[in-house]
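Same protein, same chain, two forms; see structure 1 and structure 2 below, as structure tokens.
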Structure 1
């Protein structure tokens, strides 16, 4: 096995583009702006074929997606408590 191929990242390496705090903040700000524009776009769009009445409420896709994400994160934490292993499990 070639050791240079699997060389781990050195601590002294400069951070990549995605790791720089300024770029992270710009990406978060861009994401917030795009999400806000999509919520505002809901004012000009009506779902032509809603399956349930709640789908016609303002910003349904936005808040439903957010609530679903939060539920998935908390369910993942519960699942980790049930089936998770300690960090050094494979080092033993």
Structure 2
């Protein structure tokens, strides 16, 4: 909402490289490819000093990073319901 209000004020401002949808899609595609390569890379080396079994399982830190991130964000949404107050809460 806020963004559209400002955009209408500055029509003449062309979108920067980072704002063009084509480039954004290209960046996302690049990220997906790199992620894919990183998982595949797991096949080409062995961990010389594993401390835990789970460390050596295929693509462990990949899915673990993904899941952790999602869980943290959803915990945040729940936390917001509990502790979120109006901005002027302490000023009233």
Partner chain sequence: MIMIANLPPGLIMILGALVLPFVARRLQAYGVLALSVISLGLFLLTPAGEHGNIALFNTTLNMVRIDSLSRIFGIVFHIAAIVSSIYALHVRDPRQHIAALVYAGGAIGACCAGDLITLFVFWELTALSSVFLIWASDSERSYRSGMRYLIIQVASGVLLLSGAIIHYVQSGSLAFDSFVVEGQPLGLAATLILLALGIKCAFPLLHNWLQDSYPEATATGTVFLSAFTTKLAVYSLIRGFAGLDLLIPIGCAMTLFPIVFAVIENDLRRVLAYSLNNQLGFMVVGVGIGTELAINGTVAHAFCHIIYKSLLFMSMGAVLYRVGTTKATELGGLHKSMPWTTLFCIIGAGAISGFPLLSGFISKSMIISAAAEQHQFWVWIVLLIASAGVMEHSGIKIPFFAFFSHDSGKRVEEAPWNMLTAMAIAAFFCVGLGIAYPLLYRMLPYTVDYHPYTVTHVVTQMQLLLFALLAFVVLMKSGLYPAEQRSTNLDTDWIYRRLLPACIRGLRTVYDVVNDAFRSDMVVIVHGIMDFTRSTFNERGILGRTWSSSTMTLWATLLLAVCLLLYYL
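Residue numbers count along the first chain shown, from 1. So that the term is clear: the rigid core is the largest set of C-alpha atoms that superpose within 1.5 Å between two forms. Predicted model only: the values in this text are computed from it and were never measured.
Peer 1: Just to confirm, one of these is the form predicted alone and one is not; which one is it?
Peer 2: That would be structure 1, which is the form predicted alone.
Peer 1: Once you lay the two forms on top of each other by their rigid core, how far has the C-alpha of residue 85 moved between structure 1 and structure 2, in Å?
Peer 2: A shift of 4.2 Å.
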